[in-house]
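Below sits a lone chain in structure tokens, taken as the form predicted on its own.
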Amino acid sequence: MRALVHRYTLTDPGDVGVVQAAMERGELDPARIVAVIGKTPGNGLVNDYTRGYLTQSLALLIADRTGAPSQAVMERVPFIFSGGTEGVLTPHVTVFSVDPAAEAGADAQPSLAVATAFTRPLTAEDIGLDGQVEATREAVRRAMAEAAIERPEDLHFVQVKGPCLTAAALNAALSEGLMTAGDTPDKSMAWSRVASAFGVALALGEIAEETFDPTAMLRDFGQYSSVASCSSGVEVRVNEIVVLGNSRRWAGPLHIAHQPMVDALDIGAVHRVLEDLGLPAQPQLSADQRARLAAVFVKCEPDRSGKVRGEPHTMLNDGDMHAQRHIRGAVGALVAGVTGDTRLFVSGGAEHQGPDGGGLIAAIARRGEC
């Protein structure tokens, strides 16, 4: 098997013509697409409908090209979109395809491996609670097995998109006497991210099952997954999961690495992950190096202490702009300054995803000798 990764700039979630053109020139086989991860130019909050709009646009395109119903496409392909391209960030999609005919040689280096999984539909009583944690854990393990990623240390990025509850759904659940995580849609989004992150951590043994305590969620921030990137939104009803790692059973020139980010200014983590991929930036990637960079994924969080390296920040107090929009713009600029690339997946809401007040960065690149 061989993983293929293509990035396309998409400024309008209703216009996927650049992806269609790639299909028409034979660059992209719609039947082999297994996942799409991207950024849309919305606000990234509960009412960000650009995510669902882009999902619909791409599902209809793939359906038209493959002859499959669009619903069947959405049940096969995770479309995981994060809204919010503040600052220098560029709306784009990263499309993952798999060539099942490619074979890795006996002495092959570990290459990029990708697999996906879906949980069962999650109810109001699952979201942000034990049901979502358990469903995510099992789905991540299934995806790892499918990707032939045998060791947790070979798994470098797990992207999850889960559901959240709207005000109407919350009111309906409460009127039925159901227990929900969070009493507002915004809090429901956070709890969904957290439950997904704990599910990933349990699947990888980052948190031991015998010591897992649900009361640690949104309380003990020393417990986290070092590879989980979790988002939530009203456009999904299940957890959609994409696992990315390296495996000797996969062929091709692509490989992936990740690093924790200790805070919003951790430019060292950006340099380290690029160095792990053979792309030392001095201080910014050259044009030739940048051509080898296939994708970058970042998870970040405003430090809940209200300070960055001892100095106060205003992100949590701003009544005009959501803190997640602040942090995406700030960290996006930091990473773009090193990579020289603005087509970055930078997502806020990093509770229990990397060190508290920081997050993580993962990147995919082509080997220099390829």
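A residue's number is simply how far along the shown sequence it sits, counting from 1. Everything numeric in this text was worked out from a predicted model, so none of it was measured.
Form predicted together with another copy of the chain: not shown, discussed below.
Contact with another copy of the chain in the predicted bound form, defined as a heavy atom within 4.5 Å, is made by all three of 56, 312 and 322.
For the chain shown alone, residue 354 is not a contact residue for another copy of the chain in the predicted bound form, no non-hydrogen atom being within 4.5 angstroms.
Under a 4.5 angstroms non-hydrogen atom cutoff, another copy of the chain in the predicted bound form has residue 318 among its neighbouring residues. Although the partner is absent from this view, residue 87 contacts another copy of the chain in the predicted bound form, with a non-hydrogen atom inside 4.5 angstroms.
Not displayed here, another copy of the chain is kept clear of residue 30 by more than 4.5 Å at the level of heavy atoms in the predicted bound form.
Listed stretches are 133-141, 178-186, 223-231, 107-115; the contact stretch with another copy of the chain in the predicted bound form is 178-186, by a heavy atom cutoff of 4.5 Å.
Contact with another copy of the chain in the predicted bound form, defined as a heavy atom within 4.5 Å, holds for exactly one of 267, 72, 102, 173, namely 267. Although another copy of the chain is not shown here, in the predicted bound form the stretch 42-74 places heavy atoms of 43, 45, 46, 47, 49, 50, 52, 53, 56, 57, 60 within 4.5 Å of it, in sequence order.
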